[in-house]
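One chain comes next, on its own, written out as structure tokens in the form predicted on its own.
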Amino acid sequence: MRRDEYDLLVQGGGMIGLATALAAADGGARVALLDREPPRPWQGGEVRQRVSALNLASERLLTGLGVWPEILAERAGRFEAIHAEDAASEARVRFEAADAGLAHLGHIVENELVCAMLAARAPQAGVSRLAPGAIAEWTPEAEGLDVRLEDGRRLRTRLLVGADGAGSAVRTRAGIHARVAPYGQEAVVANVTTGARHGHAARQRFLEGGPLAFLPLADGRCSIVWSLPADEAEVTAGLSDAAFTTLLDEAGGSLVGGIESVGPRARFPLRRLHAERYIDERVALVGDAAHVIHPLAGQGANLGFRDAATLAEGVVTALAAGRDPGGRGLLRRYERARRGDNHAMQLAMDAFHAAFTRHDPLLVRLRGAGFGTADRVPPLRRAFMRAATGLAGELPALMRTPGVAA
């Protein structure tokens, strides 16, 4: 039976899988992407509930992939500041882009919009999309993998990438164990109309049950992400519009001039996940297949995009030098570059989560002192903003490009 051959086979057609495939194909790799569903063209309409806070590094990647101008032309909520407050201590801290010499800190963008623009660009770069398509099994062979799909088709690839989410079948079939720890919380998400204009600021209030974030949307509304104990989240999401509006207004309406109206609600469980390894023989994991963190800092998608840019750069560099893009050395360099970085971010988010869900008086005073210090010391604010924008540390080439679209 004839087999199509690829340098890179990506399982998963979400934002991170598409970015990995497109970045590698733009660099000359032969790439195929498998997804269980065909791509859906962008339809506009009502703003979707699932959004991501994309930082400057992710914007640079999407600019390099040729899709960021199209995303901005559709709708993206720019944020130029981050305002946070601790309800228990009443301490506040503000991070302003201008203080770091930046025009903005990032954009709030619908996941579906990012996927649609990447999917539209992929065929132009030569990415073969096989949908519906899913891997049934693979067998190592000389300098590659023999891959059998669920429908019986066979492919050959030099590297297989699992970008198939937190429940990754690629991770499971590769025998890679993942450590999973539920936070005991669920996130309630909705789009809301507020009494005051959001002023291009992302706002967050740390409450007893978990953080409440108001993220600025392009249409003037805010997307909320409200982390609550799981039992409370179920009840809260199921309230009538009027009852939910009242509860939300009491919890955080003062940040945004009150809550005028709310859209439909959705909720999803929060958990921490980290794969013990990111690689196996000719297999690499990216995005949620490798790591999942608490959404309180909005860094999940950004870490995934950094995985994509790092792995694709390694593949393209290897091919240009006539080396094996699925070789053990390349994969180990990818794992070293990304696993420690992602683990450090997970530890930071876990520390924040633990600090703000405990309410003994000493801890409340320490939190207040920490907020106050960060607000008063410019070097600390600038360091935080550099980390939040994704520009700290060693960046892959696609994230080093200056001149991000505004």
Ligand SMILES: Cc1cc2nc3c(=O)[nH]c(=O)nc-3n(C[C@H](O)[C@H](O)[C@H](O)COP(=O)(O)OP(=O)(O)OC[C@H]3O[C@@H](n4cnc5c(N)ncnc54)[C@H](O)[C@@H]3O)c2cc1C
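If you're wondering where the values come from, they're calculated on a predicted model, not measured in any experiment. The numbering used is simple: start at 1 and walk along the sequence shown.
Beyond what is shown, the protein has a form predicted in complex with the ligand; the following relates to that form.
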Study note, to complete from the structure: Of the candidate stretches 249-257, 191-199, 140-148, 291-299, the one with residues having heavy atoms within 4.5 Å of the ligand in the predicted complex is 291-299
Check your understanding: Wondering, does residue 163 line up within 4.5 Å of the ligand in the predicted complex on heavy atoms?
Key -> yes
Review point. With a 4.5 Å heavy atom cut-off, would you call residue 51 a contact of the ligand in the predicted complex?
Key: yes
Practice item. Evaluate residue 14 for contact with the ligand in the predicted complex, applying a 4.5 angstroms cut-off between non-hydrogen atoms, and reply yes or no. Key: yes
Review point. Quick one: is residue 34 in contact with the ligand in the predicted complex, heavy atoms, 4.5 Å cut-off?
Key: yes
Point to revise | Heavy atom within 4.5 Å of the ligand in the predicted complex - residue from 88, 239, 218, 169 | key: 169
Practice item. Would you kindly say which of 81, 130, 225, 76 lies with a heavy atom within 4.5 Å of the ligand in the predicted complex? Key: 225
Review point. Does anything in 104-118 come within 4.5 Å of the ligand in the predicted complex by heavy atoms, and if so which residues, in order?
Key: 111
